[in-house]
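Take a look at this single chain in structure tokens; it is the form predicted on its own.
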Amino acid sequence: MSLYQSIARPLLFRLDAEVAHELGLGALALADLSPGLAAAARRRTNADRPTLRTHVAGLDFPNPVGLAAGLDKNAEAIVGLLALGFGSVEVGTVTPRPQPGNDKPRIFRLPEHQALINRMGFNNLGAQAMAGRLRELPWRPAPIGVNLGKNKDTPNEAAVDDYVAGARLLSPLADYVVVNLSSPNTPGLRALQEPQALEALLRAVRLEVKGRPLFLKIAPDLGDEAVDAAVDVVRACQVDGLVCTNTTITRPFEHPLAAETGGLSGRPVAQRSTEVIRRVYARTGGALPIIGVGGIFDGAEAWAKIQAGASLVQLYTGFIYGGPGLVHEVLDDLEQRLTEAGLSSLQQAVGRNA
């Protein structure tokens, strides 16, 4: 058990979940003051590993383990997060205008299930503030993704305008862009995953995102036929890949907090996330890159998603429970599994169990 798990996590978990989140993010943000120390810390994590280096959608990733959107909504702690060894960091979700999000409390821990429920509601400082942060970023050893959403008070009929505005401002400052239509915490947002609305939105954003890879993040709650339909639209709109998956509105267990509204993340979503990855990989014949996210707490789950078809994976809830050392642990495990499988590169493992 790491020092984080034995000492820091018990202390943090005594605090309100959002307060603990803000404290942790604030500590990571201090790394901006010394990019040189951050670079030295990253070298100690052995983040840049030749066997795990991955080329996806025209971008070079020093390793496949990234940070999922939602943790650093305002691009405030990128340097600190990269110092921990992440192979990419996805910031956001960001909306064109600042918004406070939903009423508190809005994050709930379920330690018995290694899970979180959140109904944050795209709380963020807005696209202009994020643009300023990205322009001033002092150190960038790995790709930075920007996850785009719409403002809560923007009707679905005008949602395209919000996503286009975000893409116009932020895509020149990002390495890749993600359209998020799958959060359950903005009323009506998931309706935009319907094929007709999805196609109109993606075509508009595709035109705006010039020279940058574009991904779509989908929900785990889509049925198999809906997943297929989304994939077909993505391919028709020349979107570069999918992020599979966001949080789920299902509650596959009994718990006093299960009735809280919001998206469930962590261990309980792992299996469905991997099933969606496998479905997307099969539908595209492996031609469309997939970023796998959902319930990754160790190298075994990361490996399962890679073998199902993911070229990259992302952590969020596993990082909250496992702490800063989890990135290094997952990378070590993946290297060992590659060796045991007799493979010389991660790409050879992608889709082996699809």
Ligand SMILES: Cc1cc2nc3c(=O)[nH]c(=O)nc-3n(C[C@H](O)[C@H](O)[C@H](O)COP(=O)(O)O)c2cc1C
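In case it trips you up, residue 1 is the first one in the sequence shown, and so on. Since the model is a prediction, treat every value here as computed from it, not as a measurement.
Below, we refer to the form predicted together with the ligand, which is not included among the displayed structures.
Within 4.5 angstroms, counting heavy atoms, which one of the listed stretches 167 to 175, 97 to 105, 224 to 232, 258 to 266 is next to the ligand in the predicted complex? Within 4.5 Å of the partner lies stretch 258 to 266.
Is it the case that A69, even though its partner is missing from this view, gets within 4.5 Å of the ligand in the predicted complex, heavy atoms only? Yes - in the predicted complex, heavy atoms of A69 and the ligand come within 4.5 Å of each other.
Indicate whether the ligand has at least one heavy atom within 4.5 Å of a heavy atom of T274 in the predicted complex. T274: no contact with the ligand in the predicted complex.
Hey, in the predicted complex, does K217 get a heavy atom within 4.5 angstroms of the ligand? Output for K217 is yes: heavy atoms within 4.5 Å of the ligand.
Check whether N180 has any heavy atom within 4.5 Å of a heavy atom of the ligand in the predicted complex, and answer yes or no. Within the cut-off, so yes.
Counting any non-hydrogen atom inside 4.5 Å, which residue from A127, I144, M120, C237 sits next to the ligand in the predicted complex? None of the other options qualify; the answer is M120.
Would you mind picking the one in V160, L134, L116, A77 that has a heavy atom within 4.5 Å of the ligand in the predicted complex? For this set of options, the contacting one is L116.
I have T54, P62 and S88 flagged as a candidate spot, so tell me whether each of them has a non-hydrogen atom within 4.5 Å of the ligand in the predicted complex. Heavy-atom distance to the ligand in the predicted complex: none of the three under 4.5 Å.
Which residues, if any, of 82 to 103 lie within 4.5 Å of the ligand in the predicted complex when only heavy atoms count? Heavy-atom contacts within 4.5 Å come from G92, T93.
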